[in-house]
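Quick setup: the structure tokens below cover two forms of a single protein chain, split into structure 1 and structure 2.
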Structure 1
């Protein structure tokens, strides 16, 4: 029976909007630390259960079909580089790669240390216990890197993903270039963990792990729902947050339960505390949609900063041919990681980047035409393939900082509306001028590093690439950045809106910058920290 069958007003102590990975962390912690009623509202549908995922994976592998059916809302084609259309119970983390590096201590102090960007209002040390908690909740398998590059107070909850035979050889190669690398931390089980199976190298972690060895938020929701610790309302789109008559507190979330015909049933969620956990796009979008006579620019937006300072990072990537025999396919999504370049040396132009290395099949696949241009069939194809795979190829990638700019923004698009008449967001990413000025230097220095690596192994750079399609910046964050000054930020260091004492924003939108590493673990650590404040 529908959860709405008997009522259209739903009351709770905490109403969480969104059900992605940050929402799951907030709900998990609150369910352990407070007794009140927790309600979660998700615009998308339920994700398919674990038992169906092998079959869905097969369709993906054979035909490229989306393994997450009904994971988006129709009519949400928008202007600008959206990270993903995914909108369902579990959010984008249903098909994430499970890669979980922490940000580095330097990320929180780039202004103080390097004179660029903006310092966060919190330090790495303040976030460390919440990083640890997130790693334990999700189950992170990781290798401790050198302490100076990779500080942490406690060990990883699981032993690292073993380096494959290929990565072992590639690690020896990078050592020749003077680079210290180790096993990338991942939210994948290197042993059975939390009732989920050990990874068995199916190697389709992104977009779908068929056995649940990779953490995804549906596992948290299943557990919390089974224990009646949360009530989750899927297919329910929050359209607007509404203020109390006599104060700047949030009174309700006005939503619509989507039905199959595309219309919807209005639903009102009332709560003491509201947590917007809808990612870097939909969090700012909701606050802007919630404009009223008392908040004409949208909620939380007296500073005019809602939707501003979107941030991400770019990468330089290269494929390097090496005179070593590799066997691609052993566990291809796993990689080596280095944080050796996360601290910009004093007296040089600013550049911070991570470094990763994977096995690769680039330029080592079977081909139809030989070097002479002649078309091959039968044994010729296999013979040619064997000959060319006597040596291996490594994929190397460096994410480098892009310093956020206020004009990198999400705005409401008056020309595009959803089925309920609400304007869709419009996204535009721009580098801060200082960042744009550094770009040529950054690219040049990273390419020089790749060339140095190739030479150290007696290899050759055979392809260079930059990920910059349509102005895209990877692992996007921002839109509700945190800070101590209400004039320059949207939320405080706990994620509480400066303008509304019972409104919190969690995860990606609150980040001040995007570092040069995947952000998901940081989003979840921030979310847990916010949950600790809500329960206090």
Structure 2
């Protein structure tokens, strides 16, 4: 029976819009710290349960089928570099890589320390306990780097993923280049944890972990739903938020239940507090769609900054041939990490980046043609393959910080609309002038570092790459940036909209910058911090 068969108005204490990883963290914390009713609204379908994932992975391997069926909404193609079309219960983190580094203390003070970008209204120390809480809720296996580079108040919940033989050799190589590296923290179990299995380290987690060793938000939703702590409404698209008559508080979320035949049943969600947890695209999009006579530019948009300052980072990557015998094939997705370059030296041109190293089989697979282009067959193929694998290959990559411009933005596209006539978003990422001016320097400096690393190991850089497809920036954030000044930001340091006292935005949209590291752990820590304020 449909959840709406007997009513079309649903009331709660807290209404969370979106069911991704940030929403899951908010719901988890609120379920532990308040007694009110929590409702979660998700536009996408349910995710397949854990028991089906082994078979789904098999069909992916055999037939190339999507192991996440119905994980997006048809008709939602848009202009601009969208990171993912994923829209289902659990969101994009249903098929994330599980990589969970923290931002560095410098990320929150780039203007004060380096004279570029914008300082956050919170510090690393303020976020530290919520980083810890997120790591414990998800189950993060990690190794702390040197305290000066990688500070934390408490240990990781689990010991790090063991370094493979290959990564052990590569760590010795990077040490010769004067680089301190350690095991990348990941939301994968290095031992049985929270009712989930230990990671087998056999690279089956992409694109779907068949045993549940990698955290995904559906585990949180399953637990909360089983305990009747949340009511989750899938296939329900929130089209706009509506203000109370006579005040700037949010009264309701107007939604439509997506029916199988494509029609929709109107649904109204009323709550004391609304939490928008729909990611860097759909959070800003909903606020802009919610324009009214009292908020003509959209909700939360008195500053005109909803959808502005979209941020991300780019990467430089290289493959380095080394005179080391490697044996690829065990946990090849795991990497070494260094934060050694995440603090820009005083008096130099601004450049901050992380550094990661993996084993690689690049240019080391079997082939049918030799270097001279001549065809090889039979034993000749094997002799060539054995000879070329006498040396190993490392993949090295650096995400470097990109300062966003205000014109790096999400806007409504009048030419593209969904099935209910709502304009879809249009995305454009643009560097701030200071960052654009430094791009050539940034690329050159990182490539020089790669060459230095290669030389330290008696190796050779055999290929360089840059990820910049169609204006792409990775791990995108922004659109509802936080700040103390309502004239220049959308939400305060707790994620509460400056214009609406019962409206909160959580996760990636509130970030002031994207750092130079994967941002998911920071999104979840921010969401938990906001949940603490909602509960208070």
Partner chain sequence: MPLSRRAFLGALAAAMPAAVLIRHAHAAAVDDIAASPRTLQALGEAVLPSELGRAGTLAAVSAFQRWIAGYREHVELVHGYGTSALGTTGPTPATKWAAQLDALDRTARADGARSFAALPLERRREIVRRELTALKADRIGAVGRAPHVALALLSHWYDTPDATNRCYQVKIDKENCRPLATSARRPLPLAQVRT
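Positions refer to the first chain, counted from 1. Take the two forms, find the largest set of C-alpha atoms that superpose within 1.5 Å, and that set is the rigid core. Remember, it's a predicted structure, so these values are computed and weren't measured experimentally.
It is structure 2 that shows the chain in the form predicted alone. When the rigid core is held fixed, the Cα atom of residue 61 travels 2 angstroms or more between structures 1 and 2. A movement of the C-alpha atom of residue 206 reaching 2 angstroms or beyond is seen between structures 1 and 2 when the two forms are aligned on their rigid core.
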